[in-house]
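A single chain, nothing else alongside it, follows as structure tokens in the form predicted alone.
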Amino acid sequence: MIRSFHLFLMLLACFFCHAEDGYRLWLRYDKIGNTQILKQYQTHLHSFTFIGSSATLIAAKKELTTGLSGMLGKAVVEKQLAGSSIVIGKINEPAIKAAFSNKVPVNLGSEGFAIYTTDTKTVVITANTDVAILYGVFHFLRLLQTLQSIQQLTITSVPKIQNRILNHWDNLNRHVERGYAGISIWNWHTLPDYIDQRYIDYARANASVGINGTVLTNVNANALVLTKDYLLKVKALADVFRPYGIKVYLTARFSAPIELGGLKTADPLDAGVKEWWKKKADEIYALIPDFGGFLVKANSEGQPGPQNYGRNHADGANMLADAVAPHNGIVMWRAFVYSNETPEDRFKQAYNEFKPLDGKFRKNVLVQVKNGPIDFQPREPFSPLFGAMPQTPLMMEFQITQEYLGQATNLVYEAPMFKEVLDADTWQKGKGSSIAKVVDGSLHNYSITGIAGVANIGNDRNWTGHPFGQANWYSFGRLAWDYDLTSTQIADEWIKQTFTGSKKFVDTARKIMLSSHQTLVNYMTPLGLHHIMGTGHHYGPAPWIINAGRADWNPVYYHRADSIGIGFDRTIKGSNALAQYAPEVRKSFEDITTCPEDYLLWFHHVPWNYKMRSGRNLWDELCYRYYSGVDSIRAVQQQWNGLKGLVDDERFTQVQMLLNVQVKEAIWWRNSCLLYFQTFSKMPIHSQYEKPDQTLEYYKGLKFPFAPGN
């Protein structure tokens, strides 16, 4: 009997414990381990009052009660206003006004919130709208998770960018293009009747960092998603997401009027085509009144578009914009275009196509521009389109999924990369014309603004494959809300919420994260090398590829190594791509002595014996960067091993194994690239470095027909 009772207690304990498999992301809400801070929180946070009962406020109340009871280790009761330690409601509520003593904050807009501690030590969370209150609740819970003082809170927070959107490259068959965390989380087969808990937790996670939109389908679009059966499935997801302030968007296949409507053309100036899209938009909005609009990839990599009919991008975008405009919808038209038939440097093609169209787009069109001019490389100079289209809202497109960043086997914290781009100065209206000010609309007074991140989410239990991949989803949302946050701030928040507040763990994990991007650049594409990955799957190095079917898919197109040197000359003596930047930016890049060495081979064909700022010649500097990258990730291995016991065994072991993989892949990158480039430089790899353990022919012979995300 006693033995059975003990077994029962063990099973009961397991029922209430959480597997540390990463599913809970940064919303773990475990009991606070710091006893001093826990006691302070328990003393001050004993009850709450919610004013209002909308679906969004119900979601906010559930989050608050779950979070508080978990972190405080006891129930926090809901009660009437008098004596509550937390009061939550909209600004115009009399009780809120009274609590603020007529100091109600202004200019919060529709999404901003305020959190104040009153003279009576009551915490007040308020905003103009229900969804903004939800954001405020998540922020307050973040304060507790990161062990912040709540004694004298005076917080106001307003998002800097209006549309903060995830782009899912998910296909209807659940394959995720460039996805490394399993298949799509959208189970179209069981929708609309079966609502997976994962959909709700996805919405919670996004709302917690202020993401307010999601594009459900791949930019390489399938018209079937616009049929009635699929729209009912989309509606089911929209209904789940709505209480969390998240709008759904779809990718529109430009040829849908032909494929679905039986029309003979998709010409955007054809009256019948315009009418088809208008009726389709009406059908969607009848089902989903807050549908966000369309994302479009057109006339790029084989996708149909207006150029098929002799029209331009503005013609195509405007036709769709007119269809959704009566419903307050938007169109996000991607600027990722390049043509193999165009002899122009691929770097220049998006600018060449879109710059002449500035001012010709409808008011509800945003042109979505990748952060760099080529394709999400480990490090890219900013796209010259930013700042060059003052009459057309430009939205940023970052790639959260690590297509070119080691995929889900490499630990790479992307916030420093995002910040590097957002902080870059376009000089389009003088010094201080940052990319961030272009995107938030302040530089050119855009009426609508947006930022997109290509999602790294799949149905893996931990959502992102690599446990640290969660940090990139998190950091995208936080920077989309407030790009002034630092990479360090965001890393600290994420570590404490996702793992532990242990100082040793936080300090070590932060150090690993902040150096991880530069480490990867060093062992993959140092000094401005770019697009030298394996073709198709983009897994691993293949700088020797020369037969990919079109010139601009071949790595040799980009590195241009020869007996003289290496790098793509984009000065006036080469492709003159630098002419697309403002004069101050061009001047900095075009002079080889002032060009930042991180971008050197983006803009210059540099002799192998060119003397670098370190005093080494280019070849020796290239060797140094590749070897230091490997040394750095080996050091990360040792740093992580020193954290054993400070975090759960499950995730510790998972990261440990992935770091083993990353070290092997870093060595693979280093050896194969240096052996290949050595065939041009004819210079030795100095004896101080370990010798490559395989031949160049071995590395050339590696094949990966089933690499994920292809």
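None of the values given here were measured: they were computed from a predicted structure. The numbering used is simple: start at 1 and walk along the sequence shown.
The same protein has a further form, the form predicted in complex with ligand BDP, not shown here; the description that follows concerns it.
Student: Given a 4.5 Å cut-off on heavy atoms, tell me which of 67 to 75, 612 to 620, 219 to 227, 244 to 252 is the interface stretch with ligand BDP in the predicted complex.
Tutor: That would be 219 to 227.
Student: With the partner left out here, check for me: in the predicted complex, does some heavy atom of F336 sit within 4.5 Å of ligand BDP?
Tutor: Because a heavy atom of F336 falls inside 4.5 Å of ligand BDP in the predicted complex, the answer is yes.
Student: Should R586 be classed as touching ligand BDP in the predicted complex when contacts are defined as heavy atoms within 4.5 Å?
Tutor: R586: no contact with ligand BDP in the predicted complex.
Student: Find out whether any non-hydrogen atom of K437 is located within 4.5 angstroms of ligand BDP in the predicted complex, and reply yes or no.
Tutor: No, K437 is distant from the partner.
Student: Does any part of Y404 reach within 4.5 Å of ligand BDP in the predicted complex? Heavy atoms only, please.
Tutor: The answer is yes: Y404 has a heavy atom within 4.5 Å of ligand BDP.
Student: Within 4.5 Å of ligand BDP in the predicted complex, heavy atoms considered, which of F499, W188, Y483, F376?
Tutor: Checked against the cut-off, the match is F376.
Student: Give me the residue from E177, D315, D460, E420 that has a heavy atom within 4.5 Å of ligand BDP in the predicted complex.
Tutor: Contact check passes for E177.
Student: Going by ligand BDP in the predicted complex, which residues of 523 to 552 come within 4.5 Å of it through any heavy atom?
Tutor: Result: H538 alone.
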